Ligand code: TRP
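Below sits a lone chain in structure tokens, taken as the form predicted on its own.
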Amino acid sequence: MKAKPRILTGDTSTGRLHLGHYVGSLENRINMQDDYDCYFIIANIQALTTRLDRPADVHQNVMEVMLDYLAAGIDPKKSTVFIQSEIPAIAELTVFFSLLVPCPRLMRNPTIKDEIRDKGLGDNYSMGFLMYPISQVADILAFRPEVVPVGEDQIPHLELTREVARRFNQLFCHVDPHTEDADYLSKGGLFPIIEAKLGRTRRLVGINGPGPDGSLLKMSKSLNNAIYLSDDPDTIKKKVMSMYTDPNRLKATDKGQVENNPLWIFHETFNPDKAWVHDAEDRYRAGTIGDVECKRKLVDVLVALIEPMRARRSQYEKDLHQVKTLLREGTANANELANQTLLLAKEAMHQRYF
């Protein structure tokens, strides 16, 4: 039987997961479990690059992410979930891959630039922070996946991964640089040139208003504009009823703007009743339906989506020992594959001595 194609993706352990994570990548992972060999990393080392003063929070957030995975439908019988810092091969591969990436190339990474700006780091960031894109390359290539399900903001990291894989294969496996990406393995390469799989919504907006430049901000824990997969119905209602809509619409009979309106972005993303959405959008534009009615409808939609996850999460929270056992077993499985990759990489580099 032909082996299933492998995928690798994951999340940084910075807190509980929200709806942006769900439509950006998590939903895809759940749907791919039967047809792919799935590896999901909880990246605690990357969390430490900006939270070194809060290591206990990072530790707790590993469990929070794992609980959200289980609650959303990640099945440990089908998928391998593991902790980044418990895979020593990743750290060693990070060192090797760092030799293939010029420093100016790291600084051109738009995600790095955005992080420095958004967190107000200036010049006060660690070498570990600057290195985390290379660590992310090692996270991926240690498992030699074909596909990486991610949100749109991770595309720059995936492009760096593709560059490193090409460079390694050319330099150490003697693959012709003119080889098509899909042919690198058949031509003797060790690392596949990965493909990204984006979620159905590439960048879910937050529930608050626009940023200083007037554009809608993406959903984010740090911006306090998120609806979490663990929110209870009352919390969901409170957040939705306070959601930013059309600021120029002062009463229900005013004509409203649907475009770039978070209320309608959420309906278009999550409401399965597309006929209602299209009709209500027309009525909203005409001023014959109010924000309150549309928000109440959205509350029902989101509660129907999230409440089953919250119920499953509650059951797992009652047996954290089982959750830790699942993480331990997944990490052991991940170590086997990552160690195999490291040995193959050392052999290709003529750096295996024993």
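Since this is a predicted model, take the numbers as computed values, not measurements. Don't overthink the numbering: it's just position in the shown sequence, from 1.
Missing here is the form predicted together with tryptophan (TRP); even so, the following discussion is about that form.
Shown without its partner, this chain lists Val65, Ile41, Leu26, Cys294 as candidates; in the predicted complex, only Ile41 has a non-hydrogen atom within 4.5 angstroms of tryptophan (TRP). Proximity to tryptophan (TRP) in the predicted complex, taken as a non-hydrogen atom within 4.5 angstroms, holds for one residue of Val81, Leu93, Ile140, Leu204, which is Ile140.
With tryptophan (TRP) omitted here, the record of contacts in the predicted complex names 140-148 of 140-148, 279-287, 180-188, 226-234, defined by a heavy atom within 4.5 Å. Using a 4.5 Å heavy atom cutoff, none of Gly15, Thr50 and Ser220 lies near tryptophan (TRP) in the predicted complex. In the predicted complex, tryptophan (TRP) sits within 4.5 Å of a heavy atom belonging to Gln154. Interface residue remark: Gln136 is counted as part of the site for tryptophan (TRP) in the predicted complex, having a heavy atom within 4.5 Å. Residues of 3-26 placing a heavy atom within 4.5 Å of tryptophan (TRP) in the predicted complex, in sequence order: Leu8, Thr9, Gly10, Asp11, Thr12.
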